[in-house]
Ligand code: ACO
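Starting off, we have a lone chain in the form predicted alone, written out as structure tokens.
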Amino acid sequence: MADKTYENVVIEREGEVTFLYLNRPEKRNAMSPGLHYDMQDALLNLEYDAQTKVLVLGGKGEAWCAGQDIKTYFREQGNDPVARRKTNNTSHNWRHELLTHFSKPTIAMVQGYCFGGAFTQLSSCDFAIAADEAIFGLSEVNWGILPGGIVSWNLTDMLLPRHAMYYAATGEPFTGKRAVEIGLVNESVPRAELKAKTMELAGKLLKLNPSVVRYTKEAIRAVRHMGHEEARDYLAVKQDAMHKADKEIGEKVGMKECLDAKSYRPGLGPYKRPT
């Protein structure tokens, strides 16, 4: 079945890796109301798409995402509170709720500008690979506004407080290399190597049991806001749920491969799932 076509979004596939691109390159992929509705629909469809095992979030052209489109998102909806509320809810839904709870691994592939509101979907992806040349920035301070939505929360959740304060209060841009240093992305590489590096990470994830990856990423996101006693209880229940949900895990296949068949040795490469 052919993928659904959208005005502001493009879906491309490489085997079990699905690339979901923001597609307003002439606007540096600034997020318009139409883009928000397209992204919400695309993510809802891909959540249940059997071919999609890893999702990569990208941007067409020279920018990953320049944040909210000031004209179409703010000014043109300024006198229509109903439309503004609907768009605001849709914007938050796909950028945070749908991406954060997406059942498959998600990778942000950042090749160019990543500004303002784009920090939310960046933070919502499980992993992030950036081009060395990518430019990140929070320019809200220059417009006389705060990093709104949940961008300020994203910053303090992802970065150490000193870094969050500095880049939000000064509006100073920074590169992909600096994004690695402050913990915003996992790795940066030259632009020409970005897709290959992203596919390398996707390949590692595809070799792993998808239930383990899903439950692990859900657990990591949940426990970082818990106390240690709450986290211990949560993780015990999560482990039991994972064992019941997946036959391979319940039968301890990975442990048998390590202890009995000697075909897997921790630290010397990923467990090779049976084909």
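As the structure is a computational prediction, the values presented were derived from the model and not from experiment. Position 1 is the first residue in the sequence shown; the rest follow in order.
Beyond the structure shown, there is the form predicted together with this ligand, which is absent from this document and is the topic of what follows.
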| query | finding |
| --- | --- |
| Among the candidates 42, 54, 30, 57, the residue which, in the model of the complex, approaches this ligand to within 4.5 Å (heavy atoms) | 30 |
| Listed residue that, although this ligand is not shown, lies within 4.5 Å of it in the model of the complex (heavy atoms), from 175, 186, 88, 139 | 139 |
| is_contact(residue 233, this ligand) in the model of the complex, heavy atom dist at most 4.5 Å | no |
| 4.5 Å heavy atom contact, residue 71 and this ligand in the model of the complex | yes |
| Residue contact check: residue 113 to this ligand in the model of the complex, 4.5 Å heavy atom | yes |
| Heavy atom of residue 105 within 4.5 Å of this ligand in the model of the complex | no |
| Contact segment among 233-241, 213-221, 59-67, 45-53, judged by heavy atoms lying within 4.5 Å of this ligand in the model of the complex | 59-67 |
| 4.5 Å heavy atom contact with this ligand in the model of the complex for all of 3, 34 and 83 | no |
